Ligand SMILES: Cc1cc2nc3c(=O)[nH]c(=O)nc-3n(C[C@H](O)[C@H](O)[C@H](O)COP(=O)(O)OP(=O)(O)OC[C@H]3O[C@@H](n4cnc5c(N)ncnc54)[C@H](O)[C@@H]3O)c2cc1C
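Next comes just one chain, in structure tokens: the form predicted alone.
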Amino acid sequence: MDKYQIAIIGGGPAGYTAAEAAGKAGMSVVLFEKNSLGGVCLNEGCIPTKTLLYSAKTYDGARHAAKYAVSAENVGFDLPKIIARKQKVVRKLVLGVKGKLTAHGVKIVTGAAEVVDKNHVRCGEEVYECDNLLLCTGSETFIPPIVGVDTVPYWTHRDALDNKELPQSLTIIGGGVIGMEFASFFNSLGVQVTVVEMMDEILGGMDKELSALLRAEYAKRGVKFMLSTKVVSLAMAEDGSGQVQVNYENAEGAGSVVAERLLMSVGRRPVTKGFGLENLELQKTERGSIVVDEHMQTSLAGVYVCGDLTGFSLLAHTAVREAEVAVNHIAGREDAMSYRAIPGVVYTNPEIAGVGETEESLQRKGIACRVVKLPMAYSGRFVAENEGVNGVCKLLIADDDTILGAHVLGNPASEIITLAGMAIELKLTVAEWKKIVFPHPTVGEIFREAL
């Protein structure tokens, strides 16, 4: 029986980060992955969606090139080629992950692993012994038990990523991050998109005011939004057209929307079944999540949980940091997980990003703050590159002048939000952050203007 210092189940961002870090530190590591290295994020999530969205953004830019005194005639796109490019990008990055792990001496085992006990993992006929066990099993798409869901064809994000023919119309159930990114992609390519959302605003968890502004921008581009709307049943359209009918209820009563395709993006949930987790008898929260301490260790010494399985944030970058913390703890290095400044980004066009608290979360916690809001037009670089587009930067500042939260609507929000994340994590005051010299002209200067 092979013996390892660390056994890791799951090769997504949490698993492969932990494996690489442990391998680098000279530990013996075995990593089990039943599908592809890179997990959902790399194979069917973050990376492939960004690849498609960049094609859509490039197409948008070419179509509106006249705003910048550039003429571009007969602008078109080739969807099968966009999909093929996405697959090429994913392949390249998966090979990159594999190369890194191999270089650090990680043993990669392809197959479904099952936990026998905290020191033994079975995969196929083999049993592997380990001193420490890291569970990084990720999350899966949640399909809600809507009446008629098994009688209609529908897409999950995975099907939408591989689809090579554009539908005329698309209904998206769920206006969260995944729903909005696909709404953005298909809207750019000329599809009639309807988004049905149960809550009173899209992008739950992001700043409400900025989410509403983003929604207004997409409504202007022809996306139809139905908020505070509950889907009650699904059926094939009665006219025999092969379209899918979504029946709903909201404050105005009952109704239905019919489209050629249906995309389900109601959310994701941690994968807890199918790998012998029940054999560990780990302590759980009331909601059924596994209890972990600040080192990501469970109630069982030597067993750690990282990534989506914790149920904290279901984001790749959170998983990466959690994995580093767990491996540092095993290696005896001082480290602890902080969730104070986890950024959230939606890669629509324009992008929206936030980090730290929102006005809503502070209200719930009863924490006072002052809100500073500034149009993105206060950044010269933003004006130069975003003709006729508005954006907003919002900072939430505590009574002691530290930064509690930051939210940006406007490109490239995803790239500048880290500046605010660092200020929040390091507990910088307004005066301290203002002393940092920002290069001019950059969009990031908007934070300095807001301060």
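If you're wondering where the values come from, they're calculated on a predicted model, not measured in any experiment. Numbering starts at 1 and runs along the sequence shown.
Not pictured, yet referred to below: the form predicted in complex with this ligand.
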inquiry  = Residue-level contact is defined here as any heavy atom of the residue lying within 4.5 Å of this ligand in the model of the complex; does F382 satisfy this criterion?
reply    = no
message = My question is simply whether A22 lines the interface with this ligand in the model of the complex - judged by any non-hydrogen atom within 4.5 Å.
response = no
ask   = So in the model of the complex, does R268 come within 4.5 Å of this ligand, heavy atom to heavy atom?
value = yes
ask   = Taking the shortest heavy atom distance, is K118 within 4.5 Å of this ligand in the model of the complex?
value = no
remark   = In this chain shown alone, the residue from K98, K230, H317, K107 with a heavy atom within 4.5 Å of this ligand in the model of the complex is H317
message = Quick check on this chain: which one of Y218, F186, Y128, Y347 has a heavy atom within 4.5 Å of this ligand in the model of the complex?
response = Y347
ask   = Want to guess which of 30 to 38, 392 to 400, 58 to 66, 413 to 421 is within 4.5 Å of this ligand in the model of the complex, heavy atoms only?
value = 30 to 38
key: Contact check for P13, A113 and S139 against this ligand in the model of the complex, heavy atom at 4.5 Å   = yes
Contact set, 143 to 172 vs this ligand in the model of the complex - heavy atom within 4.5 angstroms = H157
